[in-house]
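Only one chain is shown below, in structure tokens, and it's the form predicted alone.
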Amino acid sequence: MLDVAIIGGGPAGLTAGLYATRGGLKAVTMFERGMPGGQIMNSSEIENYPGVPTVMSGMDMMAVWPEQCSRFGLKHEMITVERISLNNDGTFKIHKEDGTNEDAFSVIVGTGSTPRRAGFKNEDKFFGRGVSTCATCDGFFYKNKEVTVIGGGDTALEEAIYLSTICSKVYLVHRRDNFRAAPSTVERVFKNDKIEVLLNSRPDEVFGDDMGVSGIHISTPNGIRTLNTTGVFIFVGNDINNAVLKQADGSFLCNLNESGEVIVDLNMRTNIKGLYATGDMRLDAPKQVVCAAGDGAAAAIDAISYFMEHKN
């Protein structure tokens, strides 16, 4: 039986593996079908990770993490976990895609979330080269430039306000005639001179060249409008990757909120003893690498205590 099973190989999962093994647990396996690293591997430039003064790609930054973790004994099994279930004795069963199972005393899940795409032409082509889903990560690259934000919820408006502190102008494009965000946030947007609101509008096509995005065509009530912005930020929601927690009867192993985020406490503990959720899949996740790493550390530290208190 594993002391801890870690599902997901992003910053949260890798950090959990590092802390769990260095903290003394011997049988720790991280299940990740592909190369470890997570969503950040798709980022072309990262310059806000503490202690890393040089700008580097997500792939370059994450390259050394697995080596550091494996040095302390973390094992990496390249396979997809389809489901986690609870055994009668309170331990967990890991159901793998090849039909085999493995038992674990505790489980740390960090399968993340997937930003939804808006569905306009060339969106995927320019993703990471002008099209982004993270203003905190990429906003600084557009300092004193014009950018476009797509979306109408709280996140879209909050990020538009954030970008207005960096960029010279922000176009906020929303497909409906009113916003779904909190009234106070909507008021702040309309009072912000640097934000131009385009309602009843939707992105049609982003265009550019080998250097990246150079503009976007927007369908408006008055026809197509071209915005010559080099940055396009999409905030139309996230799909939480919580399928691994779904049981055979359709219920979920632990408590989730209405958005599908896993409800945890400050130690990343779910309502099921020995089960932890970390990173972008958990409640109120900031969706930053440094925060995901902190989640992994917190979960592993608590999992060690849980192991020591209950194993025997």
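Numbers follow the displayed sequence, beginning with 1. Keep in mind it's a predicted model, so treat the numbers as computed, not measured.
Same protein, other form: the form predicted in complex with another copy of the chain, not shown, and the subject of what follows.
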Answer key: of Ala27, Leu283, Ala243, Met35, within 4.5 Å of another copy of the chain in the predicted complex (heavy atoms) is Leu283
Interface check vs another copy of the chain in the predicted complex: of Phe120, Phe72, Phe179, Phe126, the one with a heavy atom inside 4.5 Å is Phe72
With a 4.5 Å heavy atom cut-off to another copy of the chain in the predicted complex, the contacting stretch among 139-147, 223-231, 86-94, 205-213 is 139-147
Check: Looking in the predicted complex, any heavy atom of Met59 within 4.5 Å of another copy of the chain?
Finding: no
Looking in the predicted complex, any heavy atom of Phe105 within 4.5 Å of another copy of the chain? no
Spell out, yes or no, whether the shortest heavy atom distance between Arg188 and another copy of the chain in the predicted complex is within 4.5 Å. yes
| task | Using the partner position in the predicted complex, report whether Tyr162 sits within 4.5 Å of another copy of the chain, counting heavy atoms only. | result | yes
Q | Contact at Leu18, Val64 and Gln288 by another copy of the chain in the predicted complex, all three, heavy atom at most 4.5 Å | A | yes
Applying a 4.5 angstroms cut-off on non-hydrogen atoms, the residues of 258-285 near another copy of the chain in the predicted complex are Val264, Asp265, Leu266, Asn267, Met268, Arg282, Leu283, Asp284
